[in-house]
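Both blocks below hold the same protein chain, though in two forms, and each is given as structure tokens: structure 1 and structure 2.
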Structure 1
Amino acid sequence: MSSLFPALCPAPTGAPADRPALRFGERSLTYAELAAAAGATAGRIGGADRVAVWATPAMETAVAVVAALLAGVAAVPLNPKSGDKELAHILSDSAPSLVLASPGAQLPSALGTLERVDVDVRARGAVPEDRAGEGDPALVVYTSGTTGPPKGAVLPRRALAATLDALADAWRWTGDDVLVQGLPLFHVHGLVLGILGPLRRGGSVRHLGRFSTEGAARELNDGATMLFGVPTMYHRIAETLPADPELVKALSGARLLVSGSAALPVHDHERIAAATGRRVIERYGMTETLMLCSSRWTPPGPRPGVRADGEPRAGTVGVPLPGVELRLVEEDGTPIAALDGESVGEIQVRGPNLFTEYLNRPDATAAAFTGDGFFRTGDMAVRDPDGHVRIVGRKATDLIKSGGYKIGAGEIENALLEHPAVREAAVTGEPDPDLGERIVAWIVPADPAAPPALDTLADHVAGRLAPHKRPRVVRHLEALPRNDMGKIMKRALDHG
């Protein structure tokens, strides 16, 4: 029996044996079949310290990670799109004893020295006795490495359980829910929330392999209740809704729409809500912390007695989840007590959902925490009077100090996206001899033949926010650089 997956125990303790657990395309596994397949793989890797998982969007990836957790072995998900240099670093750093993969998957030469175990989803074995402690490593997930080689964040089993149980409380997530997603499985969003989350609850997940609005509509109209996505996916949904009644029907009937991994622009929130009557819930977290905040789900219709934190609100990520201590601090570490929606500070957090260390990096681990045990997220935010958190950007790239003001890039980006001539927007700062930094708007025009002028956008922002938040420079692009999760890579923007 596994404390992480009580649903994999025999009924009546766990989920009914014939309940669907995983579905990838036309392939599916019931809970009985998943327990048997994962149990068989767990039996082959038991005793290992760490194992790598070639994390393609396939059934075998899910079975491999579940098997590792059942065996008490830490899994290292590998991004199949990683280059040889990055893979070599991760393998050298994490030192897995073998790699789990789908049969027939072509592995790069960087993995050639590792023993390979092909995951057979038809195999049958017993679920091993759970002997792992809550502090034992569950996953080693490598960060994006924006300031150097990727660092391996060691996530203990306690962090997985704490996050998934807190989200179950916030979202009323149960075994009756059926989740649709098309997220990568080497990242905590798609893997921890999108695969392990349903399995911990005893529910089902249908993975699309690759996201499409058609696939999401099909599954939601066929009994699925929840959709997880990133802003680029919801942007495509918002663009498609006016001409797709099936998609409108699908989202209107969904119990829960969740966006994460980056801020969802307010104008996409509003377009989806206007078309479907459903508001997208945003949650906030990162690799090292798993989930920190979320709006709470409440059923549609009259809701007498709903708490103040119950309604999702565009532009916010809700309130701290149960068990999460969250504070905003000034640059010198002084806590910010004001709930005024204006005072910008760095988010610091403490709780059972945090990682334990950066693998083999005691220096980086020590630097990441304060003396009283709070993790320095590097994210900047304000808190509204009701406690809702609004992320305004990253400390390193999104905090602009201009004319004596601390300005978050995120709120300017949202304002720019409300202009009809703007398709995509990013905001950065660059040195200015008078202001310290000037605000630069990077714009993908809605009509490339008629890009919006600086004065037009500056007046638009000043009218919605404040004059000191208006862009001083506008640069037009054909597309913004993004990573696999849809996040804009601002360091790739050329200020020359």
Structure 2
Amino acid sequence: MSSLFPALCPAPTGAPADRPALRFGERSLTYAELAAAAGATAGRIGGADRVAVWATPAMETAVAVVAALLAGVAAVPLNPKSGDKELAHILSDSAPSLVLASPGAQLPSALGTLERVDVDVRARGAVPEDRAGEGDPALVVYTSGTTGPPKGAVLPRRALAATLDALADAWRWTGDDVLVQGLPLFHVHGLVLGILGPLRRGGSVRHLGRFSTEGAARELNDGATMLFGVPTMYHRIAETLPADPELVKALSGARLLVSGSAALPVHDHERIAAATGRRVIERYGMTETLMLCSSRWTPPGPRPGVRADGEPRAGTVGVPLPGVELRLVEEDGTPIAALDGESVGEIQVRGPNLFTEYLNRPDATAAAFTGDGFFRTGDMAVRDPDGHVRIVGRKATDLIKSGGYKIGAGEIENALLEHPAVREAAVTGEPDPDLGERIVAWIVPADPAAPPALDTLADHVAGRLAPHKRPRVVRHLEALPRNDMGKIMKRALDHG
């Protein structure tokens, strides 16, 4: 039996054979079909150390990752829109034995001579015996830091199981739930929570290919019970609700609406609650830690005697999930005991949900943990008297959250500096009603008479790194503000 996916066993141990597991557009797989298809692919990759997955928003990606997990092989999901520099880095760092892809997917030349295995979702094979240990790597997910190229967070199988079971407890998430989502499948939110989550519960997921308010409304009005999204998606929902009765009906009837990856603005939260009577549940996590906090879901309606602990409250991310040790610490490492809604400290966490290391980066791994094994999140928060965690900011101003993607200013600056029209570059984030933050490039042109245009720099960054890392605004300067040490003073850059 698969320890991660008991539902893939034949019934009665597993989910009913004909229960839908995955649906992407018109294509779907039942539990029996998924077990057979993933079993067949697992049989082709067994023995590999690590495999890359060309993570398009397609059925094959889900089957590929499940197959790797069944085979006990770590999977490295690749953003299919990665630019050449980013892709080259991830491939040389993670050194996969082969790449799993959808038949017909065009792979870039950066994948070079890597063996390609096409995933056949109609193939039939047996689920292999589960020989992997809970500490064995399940996924390597690349995440941006403030400087340099992205780092591969190695997530053990134990972390996946722990986080998904903790969420099941908090949300009463069961095999009866049908999730709809339109998230990318190369990050934790869309892949771990949004695909592996339903499969661990024996439930169903319908993936939209790409998010749209129409798609979410259609599925929620047709049997889906839960929606997962980033705040940008809920912002678009809030904007659309006043003119879309179908969307109002869809959200009003949903069991669970969950937002995460960045803070959901209170204004959007309140607009959705006012239009639908439903409160969006926020959960907080990181690639390295998986999920840390959430509001708890309780059935709607009067609940005399039920404590309000953990109920959704705009502006907070709820309470620590079962199994997660969470503390706030001051600059010097002193823990903050006060639940006063005022004392700000860095969130540090410990638990079975954590990653084990950054691949090939012992220095970065060591720096990320305290002596007593807590991971330093870099997020600053207060705790309310009832224990709710309220995130108030981040330690590093050089990390930007745009559309729910974490983006390091340093990697974009490095890419911009490789453009011949750029002499100096600094990157910041500024507030954006849709994206949360938008990327601003401050550029000292090589030739002041011919400063590079936004489109030129956006294409350059999209082609080198990834489209979501492209600047949305460019501002030209004669010089960057620097202190006596020559360090760029980003706070002096005027966002006016």
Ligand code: AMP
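All of these numbers come straight from a predicted model, not from anything done at the bench. Residue numbering: structure 1 sequence, from 1. Basically, rigid core = biggest C-alpha set you can superpose within 1.5 Å across the two forms.
The chain as displayed in structure 1 is taken from the form predicted alone. Once both forms are fitted on their rigid core, the CA atom of R44 lies less than 2 Å apart between structures 1 and 2.
D177 is not among the residues whose C-alpha shifts by 2 Å or more between structures 1 and 2 once the rigid core is aligned; its shift stays under 2 Å. Core-superposed comparison between structures 1 and 2: the C-alpha position of E424 differs by no less than 2 Å. Core-based alignment between structures 1 and 2 gives a C-alpha movement of 42.6 Å at R464.
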